[in-house]
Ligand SMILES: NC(=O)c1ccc[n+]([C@@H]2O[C@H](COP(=O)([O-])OP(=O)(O)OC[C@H]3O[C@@H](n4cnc5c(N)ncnc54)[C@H](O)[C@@H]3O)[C@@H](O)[C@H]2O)c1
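Quick setup: one chain, the form predicted on its own, written in structure tokens, and binding and motion questions come after.
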């Protein structure tokens, strides 16, 4: 592909969106863009012909088996929603075609792949947004605002606990190491890592982790318990599980500081207690994919980085890989920050 990078700022309206992967995530992204007047889903790439044709009929798009054929058509941006190990190839091809990217998490499964991807995007002059969709939940935004206002004082400890339904609720490839790069850490844990980074506005410096595969017939972990130490001194405990017998409870994050504390119940409520009183807010439908799509389109039209960048994806991947190293060594592990020169990768 030798198509030059598109001129900036983008003045195409509606923005033409291609979807790589017609699974659960691809469908949610397509619904979000299709609901907007300033975007249209024009193409989908999907290996399964029946699923691809059904997806294309639903959104009035053209179905391609090979995403590289889709990239040769007039599209402005693609959503990449395929198994994690395929992210590198998709991103490199899209960047070479001058097409912007909204990439499902995690960024990649290895730092080498991540560096190559971010380097290619930078050289091509295209935008890359990571699909950390939890940042667009109103209760998460409200929690971040409370912390930024100083209502918690100095954050000291945190607990993040989620449970999903294992193989019953996720694609089978999620439980295959070659496709996913890991288990619950790579699928849901990276969301937890990003939420804590974003809420605390701080980076993880050290981790100590233990993994378990106790319920799903898989070669990757379906449970993790870990301690994360942040550069600013705060500590967080992760307890993340995806057992095959189904969901028990939801996703809760608690953060305690010198002046107050909050409990974030994902999709439901935010509770706060501090020296200035106690409050509880409840939430209904969050439209997080629609809000994420709006931010992506705005970033393209305004020629600016999106609010969730490739660097955010890299920071989360570094922490995830440190968790795996710690589980393997049985020791605390420093988070690898040797990636500061990623933009030189591939030169």
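Computed from a prediction, not measured in an experiment: that's the story for all the values here. Residue numbers count along the first chain shown, from 1.
As for the form predicted in complex with the ligand, it is not shown, yet the points below apply to it.
Q: Can you pick the one in 81, 226, 220, 147 that has a heavy atom within 4.5 Å of the ligand in the predicted complex?
A: By the 4.5 Å criterion, the partner-contacting residue is 81.
Q: Can you work out which of 25, 15, 327, 335 has a heavy atom no more than 4.5 Å from the ligand in the predicted complex?
A: It is 25 that has a heavy atom within 4.5 Å of the partner.
Q: Taking 4.5 angstroms as the heavy atom distance cut-off, pick the stretch from 170-178, 94-102, 254-262, 208-216 that is near the ligand in the predicted complex.
A: Heavy-atom contact with the partner occurs in 170-178.
Q: So, in the predicted complex, is residue 59 in contact with the ligand at a 4.5 angstroms heavy atom limit?
A: No - in the predicted complex, heavy atoms of residue 59 and the ligand never come within 4.5 Å of each other.
Q: Does the 4.5 Å heavy atom contact test between residue 111 and the ligand in the predicted complex come out positive?
A: No, residue 111 is distant from the partner.
Q: I'd like to know if residue 143 sits close to the ligand in the predicted complex, meaning any non-hydrogen atom pair within 4.5 angstroms.
A: Output for residue 143 is no: heavy atoms all beyond 4.5 Å of the ligand.
Q: I'd like to know if residue 278 sits close to the ligand in the predicted complex, meaning any non-hydrogen atom pair within 4.5 angstroms.
A: Residue 278: no contact with the ligand in the predicted complex.
Q: If you check in the predicted complex, do 20, 87 and 187 all have a non-hydrogen atom within 4.5 Å of the ligand?
A: Each of the three qualifies.
Q: In the predicted complex, which residues of 33-47 put a heavy atom within 4.5 Å of the ligand?
A: Heavy-atom contacts to the ligand in the predicted complex: 45, 46, 47.
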